[in-house]
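Below: one protein chain in two forms, given as structure tokens, structure 1 then structure 2.
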Structure 1
């Protein structure tokens, strides 16, 4: 919402710097995205170089067919010679003149120049050069202009600041300059002018019937239609164009400009129809027919949905209600009879249509937030005044189709409750005054009657508390809740952090990949019925494919030492309404199975989990506690574990074990076994027969070759014997070793290698 300050000042007289005003609005009303400074810079007397001029003489430049040489009175006694490229004026015309030295709105400084031998001591300006309108076909001719030499700023809004507001969806009343003015009045305790058009001198001049039928009262609670005859469609006066341009709209014609102006002033979108183009001269508000089509003002042929609310004539849709008019019935230069629509539309209907059509307009943006139905008549009144005055029209007919309009909500306020919730003592007198300036009626017993334009938004005491609090936000102190509570991470959260830290310590870097993937190895994975894109269609059940993809991208880029991990949720159908979500950790690393397994072993070691690895179906896959380790086709090592399962297997408090008092006996032993025998099975068997005095048995080398024969391998183990109760003698160690050797020989045919 763009709020030109000059326009705002028409409704509320305030004398504060625009920066200060913007800060106050930003704090209490709506976000001010920026302040736009428009038009002629008001600095170093620049404005004084812009004058009203009267053309005394005008004639063709002797040396240039497309230029005129004029003599223009700018109040200096002697007229100035000015060369001009436009031809839409002649002697006697009042024009806008910039004198040499003036800085133009674009930043360029105007100099005295000689054009094809003729000196030009100034410039006759077009409206575009003044940023007052789009027209650059000719210069701006001033009507009813004062004396030559009058400062141009007295006649035209040459300099203006515009506040660009980002309003919240609960405040359609702020999508109007008058609505913002009301807030500014409450901010500064200033007087708010009565709404524009409220004291209109224009009364109806006829009793023509306006044929409006509202078939859908839910979608259209109110429809004010006004009929105008002898309308002279033309261009709008400079002040109106200037306001529209400042507000970010494009001037089109006086009638259309009036509808836009009133929308921006009061917040009620309007539409004007060319009555002659309405079939049967009538208006029917209804839902679209199946398959009905309409070519809208932007030239697009749109297929309508039976849920779309339309404005129709006797035969066909002529506008999509609240969103955009139809091309056929739009007001054109030839139009002489106008039907003005000042309606009220139900927000959800407009919102849904706007979404279906992918068409958002200034109108739909307001309707979808809920426009005050009481506003329609006020808007019609202001528009009538302007159409009569600017287009010389006669107002000849009126209809106001409506049911019962909603009552104003009544809410009880406890001023002390407001102070308590805000944490700042706000005097009840201040609360009352603020609410009243905002249009609330506050009774002696603090019964608050909400104004119609806030009826959707303010319905409870908490809503009133906000109305009071938002004006004092800077004064609210900074405190902390008084209660001291106790917080700590859960075991699962501590585990997650520990896993993160261990893997980082192992050289893995954490990746974040999307939970939504193109496809998932599980046939049961949950598919989104309407995904955003096809590569975000499935909720994954495993992390490895995504992390592996990230690893491969890194390898392609040429990054080195690629090792990635991710901790994220996976999703499995649960049988219930929502899937079961599990937290997994996955890692992918250069260096194949062994590197991945090494990381998992380090992780298990850090977590004090004693886990086994078992061969699973498929090449180079091991199952382990909570997941698996594998080697991917491209020799990347990968693992994935369910953190929930790891949590369950974490030991409680660790008990001290004496590993110091009595020395350990360390030996290396190697066994020759068949290829199929896993080293882990040898260790398991050894532990079984040797008992707890076998402290450690870790394979450190596997040898295949002539010395051991085909189909065989030699596995070398580092073995540690230790007792917590006594020093193991050489004989004790030999006995333990012999037990192992014979057990492995019996079970696996293992031969001790010397």
Structure 2
């Protein structure tokens, strides 16, 4: 949600820096993703170089057919000569002018230049150059403009700051500038202006019947339709275009822009139909017929489903309710009669149709979160005011078809309970004031009537406490909750914590990724019947792809020495209604297979698990324990382990073994073996024949080359012999070494390399 600050201040009078406002909203209302500076940056007198100009003369450039040379009065006495490439104006036109030295929104600084032999002392601006709209074909002609030389900022909204908010699904009221203004007023104790559209609009100019039938009252509990005649469809005024552009929307025409403006102001999406293009001049709200098709405004022919709610005329569907209108009934420049739709649609119906059709819009985003059904009339009223004012229309008829609208929830609040839950003493007067500023009606007995725009998520006392607490978060003390009884961690919990500690000690950082993915390497992965998005369609059976994707994103933005791990559930079919859940740990590390293998070896050592690696076919290295270590592209190594199996293999009781005080005998030996013989198999065979006096046999080098021949490798080991009962002699060590050499020769054809 993009909230232009100038628009916000129209509803709540606040005089604070935008950074302070963003911090306050971020703490108590919604996450502020960023602050966007739009339009002309006001620094070093830059705005003073933008002025209203009056064209005194205009004529063809003597050396360029596509240019004209103008003399423009900018309030300096002597007009300035400006070369312009547009031809949609002439002498007497009021225009927007930037003088040399001005910095345009894109960062370009204007200079006095010579174009094909004619000097240009400024620039006559289009609306796109001022970021007031998309039009760049002609310059911006000002209507009813003041005297030449007037600061352009007094006439047009040249600059604005915009807050980009990330709202939660339970707060559809924050998808409206007025909804955010209500929160800001409560934050600062400021006066909140009456909601736009609350007053009675222009008097209705007729009693024409508006033919609307709602066949599905569950899918559409309310439908307000208003009829307008003698509509003049054209371009919107600059102030309206500027607000839409700042809000992230593209201006189209005055009628369509009004519907988008009202949606952003109040949060209730609207739609406008060309009455002449409606079959029978009527509206029917129904479910789509089997096989029915509709070409939507984006030019796509869509096959509808009987589960889809549509707006139809007497003959066919003309819009997908709450999502997008159809081409056949859209408002165009030739439109003179308009039917305005201000409805309310059931959220789940819109959500499922949007997912099924793969079509998400600003409107569907609001409907699926639950728009206040009592807002439809207010939205229609505001739109009526603007259509009459901006399009010169006559409002000649209306209808309000409504089913049973929900009652406002009533919740009992105990002020002392609120203070207890928050952990902070909050005066009852402050609690009452805060709730009332947010639109709650608080009775003398602390019976609270919830406003209609919060009826979906405030339904119990704890919800009211949260409304009070979120404005005092900075005052809540940092204290641990009191434990009334002692408890112990389970074995699985202790294992998880130890795994976390070991991996952090190895330089890894814990990551959290979604359990829902776009695809999964397992053929039997569980696919959701109605996924929210195409990227969240499958329950994952492995963690590595998700962690690897996070690692790659870190590498792409320049982070170095990336090492991430995640502990989470994976899901497999169980044959029943619920999937089988297993807890895995996965890690992805820059540095390839060696670093991933090293982390696993460190982990096994800490857990006292005796395991070895066996080389498998391809890039995957399998663990005898059942996990895996592998090498990915981009020099990344990865591993994944089942924590349930780790818990089963971990020794339950650790027994103390006395420290051996007798000296050790250390030797290095190397064996030439076939390439496919794993080093771990050589170590296992050596332990069998040498017994406990072989304390350690660690591979430290592998050689391949001419000296050992093709298909062969030389593996060098650091060997330690030690007894717990006596000091081993050189003869003892030689005897143990000979046993190992003989065993490896007989079992693997190993040749001792001298």
Partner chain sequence: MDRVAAVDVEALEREALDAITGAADLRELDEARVRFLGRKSELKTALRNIRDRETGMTLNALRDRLEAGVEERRRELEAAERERAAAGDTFDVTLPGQAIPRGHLHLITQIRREVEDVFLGLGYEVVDGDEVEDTWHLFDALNMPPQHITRSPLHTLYLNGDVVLRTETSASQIRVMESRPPPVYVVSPGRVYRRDTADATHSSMFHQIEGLAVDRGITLADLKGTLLHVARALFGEEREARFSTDFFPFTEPSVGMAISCFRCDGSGCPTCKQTGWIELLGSGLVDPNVLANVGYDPEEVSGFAFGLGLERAAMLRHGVPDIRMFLENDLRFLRQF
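Rigid core here is just the name for the largest C-alpha set that superposes within 1.5 Å across the two forms. Positions refer to the first chain, counted from 1. The model shown is predicted, which means the values in this text are computed figures rather than measured ones.
For the form predicted on its own, the corresponding chain is the one labelled structure 2. When two forms of a protein are overlaid on their rigid core, residues whose CA moves 2 Å or more are considered shifted, and residue 34 is not one of them between the two structures. Here residue 712 counts as shifted, since its C-alpha moves by at least 2 Å between the two structures after the core is aligned. The two forms, fitted on the rigid core, differ between the two structures by 2 Å or more at the CA of residue 675. With both forms fitted on their core, the C-alpha atom of residue 505 sits 15.0 Å from where it sits in the other form; this compares the forms between the two structures. On the core-superposed pair, the CA position of residue 644 changes by 7.8 Å between the two structures.
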